[in-house]
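Read the single chain below, which is given as structure tokens and is the form predicted alone.
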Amino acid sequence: MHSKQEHKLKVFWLQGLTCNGNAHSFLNLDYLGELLEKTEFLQHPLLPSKYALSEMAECKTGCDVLIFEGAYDPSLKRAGVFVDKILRHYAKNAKYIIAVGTCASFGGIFKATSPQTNSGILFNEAEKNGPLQEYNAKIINLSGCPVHPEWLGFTLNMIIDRRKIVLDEEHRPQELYSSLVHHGCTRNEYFEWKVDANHFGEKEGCLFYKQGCRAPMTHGSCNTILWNGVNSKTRSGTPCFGCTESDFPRTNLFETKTNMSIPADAPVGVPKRAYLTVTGIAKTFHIKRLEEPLIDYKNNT
């Protein structure tokens, strides 16, 4: 009998229609070396692997975890074999199937380019009618464009440790996606007092009102589990695009749709009437400290 330490998790990383963003993102995982000591990649597009893709495409072996990156396209081939055939063979034998990135989870950008044929492996945008319905119970969605490397590392470690992963309605781990990107944003005081950022990259102001930021409507832990341990989009002055949601990508990513100069979409769970009331009151105040630059370079030179 093998102990947990002796058995390495056998992982097959299969790509659908993809830009390779998730495969590259995974290489930024801080503890990748430690994780690789507990896993064996049968095939990965970038990491040293036991088999060539052409060997895996023969469908003569199995894996513990099938990771699928990219949108599902029934006409796509890898190593001369339809991806659909490879996907279904390993999905049948795997204990877990992880859809990495928003394209594999919901269709994403590649769904937008060919909406009649492309989808995620379980979801087609918000509709649960992807090609792997029969393996519903095995599928974990890790949406994001690209996936946060820590989220994939967390999920693989939970599987290795044989711990239960609690999922939300869209099959995303609640531990990672129950909070909003808004949580932990360093600009929340500006959000509360309705002080706008007028340009990308500014240290001051909220990006929600003029720059199209979707953080109050987007599930993800980007501002509590920072990218590379140091940063996030909103911290660097770039709006959240809402890339973890099933309706990504939307049009006009850098614009905030408004009605009567007030954002048309209210934060998740906040009644529209309550939001409009609080916004109207906050806009009547002017907080001088928040309306001035945090650092006045002009007066210090």
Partner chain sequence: MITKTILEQIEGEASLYFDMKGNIVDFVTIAFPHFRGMEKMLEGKNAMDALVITPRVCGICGHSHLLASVRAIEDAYKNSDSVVEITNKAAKVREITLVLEIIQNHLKWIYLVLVPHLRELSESEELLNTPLKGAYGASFATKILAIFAGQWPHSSYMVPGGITSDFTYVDLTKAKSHLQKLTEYFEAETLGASVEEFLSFESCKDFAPLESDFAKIEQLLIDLEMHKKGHAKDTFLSIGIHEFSHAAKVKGTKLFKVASKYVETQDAYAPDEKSYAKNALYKNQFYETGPLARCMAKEFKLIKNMHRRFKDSAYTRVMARIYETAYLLGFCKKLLDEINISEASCRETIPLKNISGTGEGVVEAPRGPLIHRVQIKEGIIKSYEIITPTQYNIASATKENPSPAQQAMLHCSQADAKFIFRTFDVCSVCTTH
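Bear in mind the structure is a predicted one, so any value in this text is a computation, not a measurement. Residue numbers count along the first chain shown, from 1.
We do not show the form predicted together with the partner chain, though everything after this point is about it.
*Asks:* Among 135-143, 121-129, 224-232, 165-173, which stretch has residues whose heavy atoms lie within 4.5 Å of the partner chain in the predicted bound form?
*Replies:* That would be 224-232.
*Asks:* If we define contact as a non-hydrogen atom of the residue within 4.5 angstroms of the partner, is Phe110 a contact of the partner chain in the predicted bound form?
*Replies:* Yes - in the predicted bound form, heavy atoms of Phe110 and the partner chain come within 4.5 Å of each other.
*Asks:* For Leu9, is any heavy atom within 4.5 Å of the partner chain in the predicted bound form, or not?
*Replies:* Residue-level check for Leu9: no, no contact with the partner chain.
*Asks:* Decide whether Leu76 counts as a contact residue for the partner chain in the predicted bound form under a heavy atom distance cut-off of 4.5 Å.
*Replies:* Contact check for Leu76: yes, within 4.5 Å of the partner chain in the predicted bound form.
*Asks:* Would Lys203 count as touching the partner chain in the predicted bound form under a 4.5 Å heavy atom rule?
*Replies:* Flag for Lys203 set to yes.
*Asks:* Does the trio Thr18, Pro45 and Ala52 actually contact the partner chain in the predicted bound form, every residue with a heavy atom within 4.5 Å?
*Replies:* Each of the three qualifies.
*Asks:* Select from 147-181 the residues with a non-hydrogen atom within 4.5 Å of the partner chain in the predicted bound form and write them out in sequence order.
*Replies:* Nothing in this stretch is in contact.
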